[in-house]
Structures are given as C-alpha cells and as structure tokens.
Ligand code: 13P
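Here's a solo chain for you in structure tokens, the form predicted on its own.
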C-alpha cells in the first residue's frame, strides 16, 4: 500500500484570538472530510491546542506542537513537555525549525528534543536547511552534518515516527516564481535520502517521508509535489489562509 502524503500547517504565532483559531481550524476540518490519500496536521500556538482538541472529531486531521522541551519534568519556566502535548491530543511536533535555530537552538538541542518527543509517543518533524546555496555544493555538507547531528542517537525503533522537513532558509518569504525549483528540490531530496541510507540502511531510509517548506503557495504546490520528489509540505503563511491551505491540500491529494 502506497504511503500517504502529508501536509502540515505551521501557524507560528497566529492567529491572535481563540475565535479566529477555531474558525480557521473548522474550515480545514470541513475540507479534509473528503481527503483519503493525505494526512493533514495543524500546528497552532500551544494555547489553542486544548480548545481545538475539543472539536477534533475527524480522523483525517491531527494536531501538532510547534516546539517541545527536551525534559519531561522539572522547573523549566515557559517550556512545554511532550506529555503535555500528548495530553492536549497533539500527535506530532516540529523540532529544529529555522526560526528556533535563529534564536540559538543548535543541533545538540534539536537531537535531545527529538529523542524526548519520540520516546514519549509523538511523531517528530525534524527541520533542516541551509542558509545559502553555493555553486560549489558546500551547502550539501552543511545539510548532511545538520541531519546527522539533529538525529544523533535517535531511537531507530521509532523511525516510523520520523519526518524530515527540508526548509532552505534562503527560500523562505519568496514569491511563487522566486522560490526553489522542483528540479533543485528533487536533487536535494535525493541527497537527503542518500544520507539517511548511510545512517539507517536503504530499506529503512526509503520509508522516512521527506517534505518541503519554503514559500509553498497555491501557485507552485502542484509542480513541487509532482516533480520535486517530496512526500508533502510544511506550510507557513499560506496555512493561515483557509482557502489557500485547503487548495494546497487538494493539490497534494490529487497529485
């Protein structure tokens, strides 16, 4: 049976009210009732998880956290544990997003978070991506090291709960026409898959979904999912516009 594709909406620090969050989530829930080949995940701000979980009645949509702490207990002001996310009915969590890394989060912290989250039952979305692309191909070694370090000591028995999100930092915030091309994405995905094969073996590596994030829009989603060699998307800004996010889901579903 062919594995499902996946579309993840990262709401970041939006929307600003409970009412707006519920309205947006309800619009996506309505859309996914007809989706069969695609897993849809919404990652809202932590404060909205409990409220949205209360209306989570469809099997076609899941909730996720935008971050997690690397310890399950203790005096850690402002942090959220994997157990807390699970209790709020989150099934996924994003780890190592470029915006978190820009605040000082390094590969070691990402690895610790990933291990804690997957050990506590969450599926982990590990974000990697270079900040610039050079013609000599040095960015590939940057990607390789970031992937290896971020998955340091990741429990191999939980590889079925791992998703790799390729998110080139230089491509974020671009227009549809300036974003990364499907051919460039496909080449990078092949490289990431090869790196995973060296780490875990070809057979196991082939089962790990690799998704793309970086200026994903309605205008480029079809070409990216059709020709980019990816299993889906990590969507930022467009996930806050219900009609656009729903259209991206539809494009992936019918690709």
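Positions refer to the first chain, counted from 1. Note that the coordinates shown come from a computational prediction; the quantities given were computed from them, not determined experimentally.
The form predicted together with the ligand exists for this protein as well; it is not shown, and the discussion that follows is about that form.
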### residue 99: touches the ligand in the predicted bound form, heavy atom cutoff 4.5 angstroms
yes
### Touches the ligand in the predicted bound form: residue 49 (any heavy atom, 4.5 Å)
no
#### Entry: Exercise: residue 172 in contact with the ligand in the predicted bound form, heavy atom 4.5 Å
yes
### Message
Just checking whether residue 236 would be counted as a contact of the ligand in the predicted bound form - the rule being heavy atoms within 4.5 angstroms.
### Response
yes
### Query
Which pick from 42, 216, 196, 230 sits with a heavy atom within 4.5 Å of the ligand in the predicted bound form?
216
### Task
Spot the stretch among 108 to 116, 82 to 90, 145 to 153, 163 to 171 with residues whose non-hydrogen atoms come within 4.5 Å of the ligand in the predicted bound form.
163 to 171
### Task
Could you run down 5 to 20 and flag each residue that has a heavy atom within 4.5 Å of the ligand in the predicted bound form?
10, 12
